[in-house]
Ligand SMILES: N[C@@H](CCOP(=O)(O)O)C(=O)O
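Just one chain is shown here, as structure tokens, and it is the form predicted alone.
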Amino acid sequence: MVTAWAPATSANLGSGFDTFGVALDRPGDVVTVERAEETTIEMRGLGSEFIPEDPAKNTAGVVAAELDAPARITIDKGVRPSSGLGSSAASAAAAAVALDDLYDLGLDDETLVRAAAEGEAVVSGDAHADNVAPSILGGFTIVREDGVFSVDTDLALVACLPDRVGSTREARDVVPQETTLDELVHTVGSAATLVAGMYENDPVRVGRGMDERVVTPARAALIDGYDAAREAALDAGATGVTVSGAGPSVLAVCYPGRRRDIAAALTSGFDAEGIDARAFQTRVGDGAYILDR
């Protein structure tokens, strides 16, 4: 029996659509695996009643099939489904790391990322790795077709989850299929600024790099209270605010000493629109690891 933990994540970060991601040091999923003749799934924790236990429809079950590692899998959800915080990715990442250990497969990180991404396809319809990469590798990650790059950083973050359910498929449907040259240039400039900020551990540059004018506005329009929460967080000292993944969570970057104020500002911004919300004072954290054998 092997138990692994994997972190929640935030993808896109504004200017890095389907490319950038960060691991959060909290919350996370815990996955326990035992060898078995065929894969079974048992769900526990936050929103577990909404997650299928059919292995063919569960991210962890798909990972087991990809790795040819059948197991009795128990998933204790600490990341709420449909949150924009990489819930399905956390389960897939923890399962990949646990199964690799259980069967002594000795797989490299990129192989584990690819297997976990196949699990993600059950939820999003495509094998995107922008959430599973940071959940496995930790830190800030850049996903390309020719590989995954990771950067260690220690930025302070606040993630705020409103009491609303987001749809990954709906959030993909609203993404514009065309843009202008000016918007493209702006996005490239923002993405470059964000990467530089990650390497320098600079919350101001990272915040500036979150500014994006094509995908983010389309997705923000799906989130009731987003504008009020964003403005409140910026007024409280956040250096940047954007939609976390497909939403409805909101991610703010800041100086460490401002996290409490920004968490309060985000929740009060949503509250002003009649929406309950929970904020996590967090940071860029480590990737999945083994808790117990």
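Keep in mind that what you see is a predicted model, and the values were worked out from it rather than measured. Residue positions are given as counts along the sequence shown, with the first one as 1.
Although it is not shown, the form predicted together with the ligand is what the next lines describe.
For the ligand in the model of the complex, the listed stretch (258 to 266, 223 to 231, 241 to 249, 63 to 71) containing residues with heavy atoms inside 4.5 Å is 241 to 249. Using a 4.5 angstroms threshold between heavy atoms, Asn131 counts as touching the ligand in the model of the complex. When contacts are judged by a 4.5 Å heavy atom cut-off, Thr168 counts as touching the ligand in the model of the complex. The ligand is not drawn, but in the model of the complex it has a heavy atom within 4.5 Å of Arg172. When contacts are judged by a 4.5 Å heavy atom cut-off, Gly84 counts as touching the ligand in the model of the complex. Contacts between stretch 227 to 241 and the ligand, counted in the model of the complex as any heavy atom lying within 4.5 Å, involve no residue at all.
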